[in-house]
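Only one chain comes next, encoded as structure tokens, the form predicted on its own.
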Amino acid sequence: MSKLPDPDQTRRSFLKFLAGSPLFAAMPFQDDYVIKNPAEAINVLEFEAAARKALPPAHWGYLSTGTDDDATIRANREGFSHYQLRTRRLVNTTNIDMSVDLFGTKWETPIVLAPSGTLFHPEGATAVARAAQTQKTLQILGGVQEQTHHIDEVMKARGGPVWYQLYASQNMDMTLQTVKRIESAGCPVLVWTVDILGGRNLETAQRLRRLDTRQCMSCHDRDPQVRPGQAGRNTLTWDTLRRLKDATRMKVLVKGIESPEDADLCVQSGADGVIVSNHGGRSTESGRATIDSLPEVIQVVRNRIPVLVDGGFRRGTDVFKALALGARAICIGRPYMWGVAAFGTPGVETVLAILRREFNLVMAQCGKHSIAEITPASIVHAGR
């Protein structure tokens, strides 16, 4: 299979050409320009540099880190190059419907705000919730976030229910207490994250933490992580999923599924849905993109339960490819966290608006009027 050109290398080569061209010699072109407000952003990637500038080293290290050598973070982005769009022409796309139904609730787009374990803005989850309300976007509240921003407070800012990410305790009684409290608050969907139960090795975060002279353990000590040479002790199993299902009326999704075998066990154990995820490249250094794991999961689930996916989504084309492979919706993490870190609520609003605009554009370019029209025939596997 022929290797597609590296977009970053292509961009650098083009910029080098511009720099040497007398036509552009007098133009004030800055490759390292950092946006000063959300309105300047051309795409969501431009929020990354703004967030790095705004955050102290330890916070940036946590936000940007993967595991081991960060290969899986890179794989998540590179995976989208394995699929190409099949564009269509002369289709009337005056009215495009990007809405999607998830457990009986209709959302204007299939773009979901994934849970974040660490806060990067003083208002944290409530700043994100206000943006979710403005953009009419589904928000999944991180379980660690809820310790400092109660779910009732977040729902008030959102103007409606949010989903809740559960980090289950090894003490099942404590976990069930949390489940009951979240259900009583009016949460409709519980998202159990299972991909870091065995521990993880966040080397980039540790390196950048050494550069930070502040006392910031309160920001980082709650999120499960493992230093080199250590391993997590996990006693939670598929029986735990069955107990969770029996203990609540909420829908229960399992987040962190990457293999078809586990997806099938989710269905057998009563899960109401799965999220194909490698924790943004932060769980296991598998080196495999979630977009490449998605087709196998879709194949074994056979539409019995909805499948969502996260990992590396930065463009409207990425969203389209995932839906074409069978995902019901996609979740974004780092892009909106860049936005909130740099600019608060307006940053998240702009990130969501840009992705919606791009997704609408690619639907028009591919001649699709609705999500239902996006099928496997809408893309081509590169090299086939």
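Start at 1 and count along the sequence shown; that's the residue number. Computed from a prediction, not measured in an experiment: that's the story for all the values here.
Just so you know, the form predicted together with a small molecule exists too; it's not on screen, but the next bit is about it.
Using a 4.5 Å cut-off to the small molecule in the predicted bound form, not one of 84, 320 and 355 places a heavy atom inside that distance. For the candidate set 202, 114, 301, 294, a heavy atom within 4.5 Å of the small molecule in the predicted bound form is found for exactly one residue, namely 114. Contact check for residue 282: a heavy atom falls within 4.5 Å of the small molecule in the predicted bound form. Residue contact with the small molecule in the predicted bound form: residue 62 places a heavy atom within 4.5 Å of it. Although the partner is absent here, residue 44 lies well away from the small molecule in the predicted bound form, with no heavy atom inside 4.5 Å. At least one heavy atom of residue 255 is located within 4.5 Å of the small molecule in the predicted bound form. This chain is displayed without the small molecule, yet in the predicted bound form the stretch 333 to 341 from 333 to 341, 347 to 355, 47 to 55, 34 to 42 comes within 4.5 Å of it by heavy atoms.
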